[in-house]
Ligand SMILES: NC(=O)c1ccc[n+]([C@@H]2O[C@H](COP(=O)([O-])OP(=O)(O)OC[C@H]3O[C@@H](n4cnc5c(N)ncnc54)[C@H](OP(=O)(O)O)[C@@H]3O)[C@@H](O)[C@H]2O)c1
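Only one chain is given next, in structure tokens, and it is the form predicted on its own.
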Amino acid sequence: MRDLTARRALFVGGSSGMGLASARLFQRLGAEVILAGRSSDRLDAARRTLDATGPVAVLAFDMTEPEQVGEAMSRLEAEQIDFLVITAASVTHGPFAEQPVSELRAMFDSKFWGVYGVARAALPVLRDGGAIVLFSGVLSRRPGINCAALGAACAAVEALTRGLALELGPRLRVNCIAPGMVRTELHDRLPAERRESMFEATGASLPVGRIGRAEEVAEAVLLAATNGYMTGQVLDVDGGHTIRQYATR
């Protein structure tokens, strides 16, 4: 683990799940963290779960609204952020022939265009030698039924990662995390019995025999953000989902 003392990290989507787990790890290693998201209440609640001895700031904005993104970034000092981590996104699933296109456009506005806009608006506040970490998902290369649009959005984020790594280097490095199924608040909307059944079935199909934990993804975020010789890469943190055996063992 690296010493991140005197480093500053901005987590967009930091109020819960993998974003909050990553912020917690970075703070434990000495970094000053900034939690960003849409809900001020959720951000304040997340801040209270972090180490009270470390500096934590919050920044509320909707990343699908360019004016809000620009205003939020203007509140940060120039070249004072070392790491930008964007986990926030809205996702949707459904049959290709039935899903309303309006839902899919809203998802792309969040998962791709929102990410694109935040990364661009953050350029003035990122220090030379810093890093951007984006999030996609295993569906970009291992598709699933009823997930065609989500897989396409994930693939777009990965293409953006490679393009930005080329264009922004050597000043900044850009990498992407592609998580598999991870136990986070994202799944709390499902009835508990159905959720646990899904976790159990998915875990049984993976080489590691279980689904992931947010803390495990956070360790990959740390690697992508701090390894000075890594850029333009997509890190699969998926329990072996890309080599998953769909047939019963």
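No experiment lies behind these values; they were computed from the predicted model shown. We number the residues from 1 along the sequence you see.
Just so it is clear, the following notes concern the form predicted in complex with this ligand, a form of the same protein that is not shown.
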Please name which of the stretches 55-63, 201-209, 220-228, 24-32 has residues with heavy atoms lying within 4.5 Å of this ligand in the predicted complex. 55-63
None of 149, 126, 165, 89 but one has a heavy atom within 4.5 Å of this ligand in the predicted complex; the exception is 89
Test of understanding: in the predicted complex, would residue 42 fall inside 4.5 Å of this ligand by heavy atoms? yes
Taking any heavy atom pair closer than or equal to 4.5 Å as contact, tell me whether residue 38 reaches this ligand in the predicted complex. yes
I'd like to check something about residue 136: if you look in the predicted complex, is any of its heavy atoms closer than or equal to 4.5 Å to a heavy atom of this ligand? yes
Quick one: does residue 239 come within 4.5 Å of this ligand in the predicted complex, counting heavy atoms only? no
Out of 13-46, which residues reach within 4.5 Å of this ligand in the predicted complex, heavy atoms considered? 13, 14, 15, 16, 17, 18, 19, 37, 38, 39, 42
